[in-house]
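Shown next as structure tokens: one chain only, the form predicted on its own.
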């Protein structure tokens, strides 16, 4: 039971309290670029969640079972990026085949998941925090769902901003950045509740 409660704390920590987008400022490019509509934001969030969960799991296994025993720690970044790139290719092929309109709406942002620093950040944080296997899986899932939460909230706000009376000088990027800042302040209110 203690293990389960610890995994819940790990999940809440990375999904809400230490949200990668809103407190660590990782993954800002797709967060701002694909959050114009909730459906696009949710699709991107699902893709990032899948890639992040699988990448966190595989990079933990590669790091602990191969790189550390062979004293090849210096290859960590290369190995992690190769795993992330492979997972993104799988997602891209799947979305292109089964969801063509979603694939078209993502545009360049789907292949850019490879360079999404939130995914690499989770893999590196897992190593830094010394997580075990189950913690790594939960952290990957929590990080992805935290990203999905942040991008969907932003998508909903941006959809409603289309009907708001926004001054001309703030329309577009200006109001988006102000909104992102306010969301960040709201999530920063959780800081210190859980370490990680």
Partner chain sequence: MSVKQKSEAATFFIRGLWEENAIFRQLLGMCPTLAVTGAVKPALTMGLATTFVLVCSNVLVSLMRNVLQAHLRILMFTLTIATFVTIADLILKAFLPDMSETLGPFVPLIIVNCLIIGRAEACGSRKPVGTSLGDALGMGVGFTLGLCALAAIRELLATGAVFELAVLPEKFENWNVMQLPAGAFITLGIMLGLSNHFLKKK
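Positions refer to the first chain, counted from 1. Treat the numbers as computed from the prediction; the structure is a model and nothing was measured. Just so we're on the same page, rigid core means the largest C-alpha set that superposes within 1.5 Å between forms.
The form predicted in complex with its partner chain is left out here; the points below concern that form.
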query: Segment that reaches its partner chain in the predicted complex - one of 139 to 147, 43 to 51, 123 to 131, 157 to 165, heavy atoms within 4.5 Å; finding: 123 to 131
query: Among the candidates 38, 58, 67, 28, the residue which, in the predicted complex, approaches its partner chain to within 4.5 Å (heavy atoms); finding: 28
query: Non-hydrogen atom contact residue 77 with its partner chain in the predicted complex at 4.5 angstroms; finding: yes
query: Residue 180, heavy atom within 4.5 angstroms of its partner chain in the predicted complex; finding: yes
query: Distance check, residue 114 to its partner chain in the predicted complex, heavy atom within 4.5 Å; finding: yes
query: Interface membership of residue 102, its partner chain in the predicted complex, 4.5 Å heavy atom rule; finding: no
query: Core-superposed C-alpha of residue 182 shifting 2 Å or more between this form and the one not shown; finding: no
